[in-house]
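The chain below stands alone and is given as structure tokens, in the form predicted alone.
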């Protein structure tokens, strides 16, 4: 039991709370360095693909799910317990202090850091009562004795300190509550395609521990148009300048669609959820025909950007041919004349689009029962039959009468993060309260002041005013001087 009490005292000390707060900030760093599945699942897949050795190791260490990792949750929980055990007893003690009176005046005021004295012919009772009234008007809490006066102010400093730490507790609770009862999902939607709020429609879906799929609010939207603008010319040629998605939203199944524009930092809010625009790209359209001229595949395939100029890679899987057909390649929004480093785009806008494809025949592996990525082609049991470069409207006649591939154009796609976080309002309020509390604790000094009147028949009554600062804030001497000027009969001062 003694060991447990010692551990509890250590855990609930302010020193340990500060250490845990520092560790929580330190543990958040990987979340800003590595892509996270909750916000950028596509980038996580790309990282794993580009780093086949390091990627799986980092994945086992939860580097791509930092804020859902056991070690982050452990620090989070310990910090919450530490703050609770540290702040609540202090809050109770501060409440009692607010209800109590200032301490009585010391017998020897001359020992205090700031001390003033003079003689006066005024009566003791009059000096005490009138000074008490004057000090109260200046915001001091006053305790009155027969021949002394005690005053204190600056209680808001400790109030602000406690408000700051209590706000951290509320912030931790709000984040934890939002993570437990909310959810986060990502989805890629192509132009002229739609999304319905159903688990099967999400590319990734991360529900809270107590959130059920049947709690998803009914809403849907269609991406009518996506527009991206980039800087042309200058040192920042190709830099993004604006992204805008035009949606038709149905908040309820029976509701009429309404037009909504979603931009970066201007999300869609409906039915208690928020829809953020987080990315975009291109989806080239193809029409694939077999040797008899029958259309066996006709759609737009999402290609993923590989660089800032939106050189995008992707695949098309056509299982309804014999043998099965697979296409993999690159979409180049503005094709570069120089292919020395492979097919690349030189500008992110679709000024001169082309696709650079390689065709494969064989077994796509779709009948094996093993899940496959829609962005990768398994060529283990396939043979490459050709490579071709196509502009919109051009047709590629595959070798050996394998059919044709027509590049008919492209559509744009946008990726959205859809979240429900009922704790964010509390988190915002707690963050604002913590700033207010920190400001109070830093800006308001804690002072104590005393007045003592000692009767004397020879030179008149001895009046002493002294002050004590409970912080290192400057200005105590000036404040005591101002208080002394409020004492009755200043003309008698010597």
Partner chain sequence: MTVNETLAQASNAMVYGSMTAFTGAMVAFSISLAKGRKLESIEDAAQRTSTSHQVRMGSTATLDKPAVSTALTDGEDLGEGRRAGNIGMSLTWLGTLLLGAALLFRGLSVSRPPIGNMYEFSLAAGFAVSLTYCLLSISRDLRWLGLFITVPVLLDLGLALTVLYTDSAQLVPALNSYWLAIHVSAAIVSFGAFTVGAALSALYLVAQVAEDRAADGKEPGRSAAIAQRIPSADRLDLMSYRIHAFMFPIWTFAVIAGAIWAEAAWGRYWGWDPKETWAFITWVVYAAYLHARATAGWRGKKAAYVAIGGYATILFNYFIVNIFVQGLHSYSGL
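From a predicted model like this one, the values you see are computed outputs, not experimental measurements. Heads up, when I say rigid core I mean the largest set of C-alphas that superpose within 1.5 Å between the two forms. Numbering follows the first chain given and starts at 1.
The form predicted together with its partner chain is left out here; the points below concern that form.
Contact with its partner chain in the model of the complex, judged as any non-hydrogen atom within 4.5 angstroms, is confined among 266-274, 329-337, 283-291, 252-260 to 266-274. For the candidate set 48, 468, 444, 58, a heavy atom within 4.5 Å of its partner chain in the model of the complex is found for exactly one residue, namely 468. Scanning 240, 194, 218, 409 against its partner chain in the model of the complex with a 4.5 Å heavy atom cut-off leaves one residue, 240.
Taking the partner from elsewhere, residue 37 is found to have every heavy atom lying beyond 4.5 Å of its partner chain in the model of the complex.
Though the partner is left out of this view, residue 427 does reach within 4.5 Å of its partner chain in the model of the complex, counting heavy atoms only. Contact between residue 168 and its partner chain in the model of the complex is found at the 4.5 Å heavy atom cutoff. The shortest heavy atom separation between residue 184 and its partner chain in the model of the complex is within 4.5 Å. Contacts with its partner chain in the model of the complex, taken as any heavy atom within 4.5 Å, map within 14-31 to 14, 15, 18, 21, 22, 24, 25, 28, 29. After superposition on the rigid core, displacement of the C-alpha of residue 68 between this form and the one not shown amounts to 2 Å or more. Once both forms are fitted on their rigid core, the CA atom of residue 468 lies less than 2 Å apart between this form and the one not shown. Annotation for residue 143: C-alpha shift under 2 angstroms between this form and the one not shown, rigid core superposed.
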